[in-house]
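As structure tokens, one chain now follows by itself in the form predicted on its own.
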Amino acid sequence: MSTTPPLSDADRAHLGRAVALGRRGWGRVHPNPMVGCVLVRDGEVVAEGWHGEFGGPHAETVALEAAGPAARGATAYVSLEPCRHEGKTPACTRALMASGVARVVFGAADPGAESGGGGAELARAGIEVVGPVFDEPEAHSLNPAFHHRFASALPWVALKLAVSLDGRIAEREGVRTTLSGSESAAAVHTLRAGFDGILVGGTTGRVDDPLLTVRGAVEPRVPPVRIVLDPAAAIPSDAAVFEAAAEVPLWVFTRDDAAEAELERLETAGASVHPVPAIGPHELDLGHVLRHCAVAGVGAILCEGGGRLAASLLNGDFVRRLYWVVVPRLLGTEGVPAFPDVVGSDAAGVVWTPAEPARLRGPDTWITLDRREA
């Protein structure tokens, strides 16, 4: 397998197109990675494909079937290294070899012990292989939860906060405040569709009273479980999260010494209650919570606040991505700071790098940052 000669501008453009195609699988393919494929022969695109549904055909297979005989002698641009194992679908390497493609350019290496190594297998078959093209941070940013599960037993955790220009998340303590605009609200629902769980703290659950379901353009293959951290088991039974408990799972984590009557009340209202150890009067052991989620199959979690929970997750080094939504408003000194508790020095020393360019959604600016791993 070789990474020479260097990629041309056309190569990079086609690989970029493959990445963009792969993103069309958001919310439908996880825990599989999002993958796109572009087939090019004699400078012309002959077919495109992407992995569109968990258990369905992979991007390479879709593109090859669309191309038919035109695939022979073509270059296949794939955002992720073609897999070489037989799973729910046949190995992509075998399909590529059988098609007669002459060259394969792939962006990110596949970290799987069974699925990885497809590039080397293709090279042994006499196909010119170029890749991995992306460096490790860029590769991870495309399918972060997928890569994370090969490196950690805990879920991949992303934190989303909408903040004012002066770093506030609410007008006053205990006051529900809608900061971001309608475009951001739509983007949040799309974002939720690609996660296994949506997490909030107990204060957010009581004050903001969110439903935490996905109600947007992308219908998730499996609705993410709603997770509320409520140490004292104090969330009221008529809170919005209980409305859809029969259709979308609701987990409430409480202190392991919370009043039995309150636990029974939450269960009667429709929640699955999970008492866990606490590390203070108002804070649960987040490591214990996340391990429980991982064992239950929740591999990617989006935390939507509040500030105390966000600070605790950062202090515990659990957050791997930040979705920072900056709203063009000032809330003043009475406003609730994004991090009411001081973020510790260890968290303050972490370096965050852009996962994608900042973008405007209506009046709001979305900044997506990934934690730079050592």
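Residues carry their position along the shown sequence, with the first being 1. Please read all numbers here as calculations on a predicted model, not as lab measurements.
Missing here is the form predicted together with a small molecule; even so, the following discussion is about that form.
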* Heavy atom contact within 4.5 Å of the small molecule in the predicted complex, the stretch among 302-310, 332-340, 59-67, 318-326 -> 59-67
* To do: Flag C92 as yes or no: does it have a non-hydrogen atom within 4.5 angstroms of any non-hydrogen atom of the small molecule in the predicted complex?
  => yes
* **L284: touches the small molecule in the predicted complex, heavy atom cutoff 4.5 angstroms** => no
* Does the small molecule get within 4.5 angstroms of any non-hydrogen atom of L80 in the predicted complex? -> yes
* S115 within 4.5 Å of the small molecule in the predicted complex, heavy atoms -> yes
* Of the residues F146, F195, F106, F253, which one places a heavy atom within 4.5 Å of the small molecule in the predicted complex? -> F146
* Structure fact -> Checked G167, P236, G100, G87 for heavy atoms within 4.5 Å of the small molecule in the predicted complex; positive is G87
